[in-house]
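Next up: just one chain, as structure tokens, the form predicted on its own.
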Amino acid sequence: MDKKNMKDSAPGKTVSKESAPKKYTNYPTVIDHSTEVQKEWAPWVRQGLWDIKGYRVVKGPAGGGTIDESKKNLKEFMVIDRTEASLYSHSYGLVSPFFLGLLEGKLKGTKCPNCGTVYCPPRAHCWNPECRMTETEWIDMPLRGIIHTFTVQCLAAAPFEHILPFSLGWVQVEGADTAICTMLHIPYHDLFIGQKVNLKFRPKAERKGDLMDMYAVAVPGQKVPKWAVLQSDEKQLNRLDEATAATTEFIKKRYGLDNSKRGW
């Protein structure tokens, strides 16, 4: 395909990349890593527009009961092919310093000058009713905290499917009154609530100003406590082992990736 032109949804029509409308022309841009992206992607928005491009009629199982029972009751179903193309542009608004900080390998929070509540992730205004939406102040946060709660993911939305299985946790950063969601680069057999972690950043060239720029690793030398919920239930742990093994095999077949080798 010619990269300079891309077919529009109308037959025979082409869309030039240069025809993409330039955004943010009413105020000065301080940093621009967007214009070239707009040229490449904006024309694709016109490709889909949620139109139905085709359909097929298939026979499939219907009704309740077991799978084998439903296979005996085949009905015709219409399956449509509906296209979609989108490029989302949105502002981080008053919490932009937090995401700019991630690009620089820094973790920033906000603090209410009235009640002293520390928010990480940040809030531009205090949510304490007594403070009546007082504007908060930016502060630097330490790169350490504890796991408030966590989950082991064997299912995920399409953008994250290729990294399955993985653990996701809410980490209360030291000094914060709230918790922030982040990836846990910790084997799930070693995870427990209250575990101390250090926060790390992806290599600078890979950062995008996104929460995925940051992840947590365990502080060395910790032992899983006897009261840990996951490890104290052998049946539950065995089921999780089976689920993650099946997920790992699925990802290997679909993407050619062996995520079992990464160590978390």
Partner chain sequence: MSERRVAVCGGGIFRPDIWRGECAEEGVAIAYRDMLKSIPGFDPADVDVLMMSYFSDHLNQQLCMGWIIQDYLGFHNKPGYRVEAGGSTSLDAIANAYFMIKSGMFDVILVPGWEWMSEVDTATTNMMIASAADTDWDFTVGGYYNAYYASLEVRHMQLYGETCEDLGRIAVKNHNAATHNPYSQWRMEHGTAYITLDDYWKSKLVCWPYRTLNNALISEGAACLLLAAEDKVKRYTDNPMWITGVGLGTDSMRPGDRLVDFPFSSFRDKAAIYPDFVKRPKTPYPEMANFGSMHAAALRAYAQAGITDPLKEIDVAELFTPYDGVELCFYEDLGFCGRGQGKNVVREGLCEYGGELPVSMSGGLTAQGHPVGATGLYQTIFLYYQLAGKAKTKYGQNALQVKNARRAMVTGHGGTACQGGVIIFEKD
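Take the two forms, find the largest set of C-alpha atoms that superpose within 1.5 Å, and that set is the rigid core. All figures in this text were calculated on a predicted structure; none of them were measured in a lab. Numbering follows the first chain given and starts at 1.
Same protein, other form: the form predicted together with its partner chain, not shown, and the subject of what follows.
Is its partner chain in the predicted bound form near all of 150, 158 and 212, within 4.5 Å of a heavy atom of each?
-> Every residue of the spot touches its partner chain in the predicted bound form.
Its partner chain contact in the predicted bound form: residue 144, any heavy atom under 4.5 Å | Outside the cut-off, so no.
Does residue 236 make contact with its partner chain in the predicted bound form, using a 4.5 Å heavy atom cut-off?
-> Close contact exists here: in the predicted bound form, residue 236 approaches its partner chain to within 4.5 Å, heavy atoms only.
Residue 84 near its partner chain in the predicted bound form, any heavy atom under 4.5 Å?
-> Heavy-atom contact with its partner chain at 4.5 Å: present for residue 84.
Are any of the heavy atoms in residue 162 no more than 4.5 Å from a heavy atom of its partner chain in the predicted bound form?
-> No, no contact at 4.5 Å.
Residues in 80-102 close to its partner chain in the predicted bound form, defined by a heavy atom within 4.5 Å, in order = Heavy-atom contacts to its partner chain in the predicted bound form: 82, 83, 84, 90, 92, 95, 98, 99.
Residue 61: with the rigid core matched between the shown form and the other one, does its Cα shift 2 Å or more?
-> Moves: yes, 2 Å or greater.
Post core alignment: residue 44 C-alpha displaced by 2 Å or more between the shown form and the other one | Passes the 2 Å threshold, so yes.
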